[in-house]
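What follows is a single chain, given as structure tokens, in the form predicted alone.
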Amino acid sequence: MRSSLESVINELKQLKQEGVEGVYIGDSTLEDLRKSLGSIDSIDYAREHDSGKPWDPVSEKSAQSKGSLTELVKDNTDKPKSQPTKSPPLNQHGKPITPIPDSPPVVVLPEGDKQERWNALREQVLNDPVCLEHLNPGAQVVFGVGSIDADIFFCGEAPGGDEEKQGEPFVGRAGELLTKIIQAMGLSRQDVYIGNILNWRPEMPTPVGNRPPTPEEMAYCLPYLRAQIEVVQPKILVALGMTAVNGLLEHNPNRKMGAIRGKFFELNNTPLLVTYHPSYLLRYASLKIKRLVWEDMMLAMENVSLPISDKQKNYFL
């Protein structure tokens, strides 16, 4: 029994020397340890009374197992733990994710008409070294699409898997739903402008799944989005989801989507309307949520003087 316990203690000591600060112990293992320690206590008690004098754990090597375990636990709790060196986050291919520069890009739009300025901006974004460096293999930088004379500018947060493959925002399931919403407004994707704050799909440690962009990522790409707004000069911006809102208006922990949805803010003298992201509708497709989003769309339509029919007014009622 003692030899087994000594082996456990020696292994724990070895792990400690290697910098391991904790190990997982299952319930069954804990129970075995308790039984072992109980047996040792009984042996110690018998030895003490049979000899007529206290048993000296120092003089008997086999007795060090119990004391060693106690000291090991005490040593781990009393001494300050050294902070392990943090490894840089990895992408799905096991390569370190390059940190985002502290300084965002400087965007200088050339002289010329809207199309010439938009073309120059698109060229700068598609060739931005930071955007290119954070692409997944086979992916593309995603730039805004639609009419550069649009009255309504829809803004999302970041591309997903479908978007990075096609190089166009909102072409996956959420994009298909956004297209249907736009059509219900009596418009097409070619009549509006659709963009994202981030120009690449946020890197993940696994090939599946998405994550919201970090504040640093959005801060880097935000000048490109602002430049697109400057070129298009829409009458209204529609922020799709809280991440887009935080990217456009700066993060506010007290800001809740339920409280700000359907309300107007302002970005560089352009009205900004907040609503749910289409992906939220895919997850919580209740009639009530659909109606709330549709009411937001009618607010946008009113803002740009689009006619609203009685049929449209009664959608999702």
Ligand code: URA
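Just so we're clear, the structure is a prediction, and the values are computed from it rather than from any experiment. The first residue of the sequence shown is number 1, and the count goes up from there.
One more form of this protein exists, namely the form predicted together with the named molecule; it is left out here, but the text below deals with it.
Q: Exactly one residue in I152, L225, A239, A158 has a non-hydrogen atom within 4.5 Å of the named molecule in the predicted bound form; which is it?
A: Selected residue: A158.
Q: Identify whether the named molecule in the predicted bound form is within 4.5 Å of every residue in the set E163, F170 and H277, based on non-hydrogen atoms.
A: Yes: each residue has a heavy atom within 4.5 Å of the partner.
Q: Quick one: is N196 in contact with the named molecule in the predicted bound form, heavy atoms, 4.5 Å cut-off?
A: Answer yes; at least one heavy atom of N196 falls within 4.5 Å of the named molecule in the predicted bound form.
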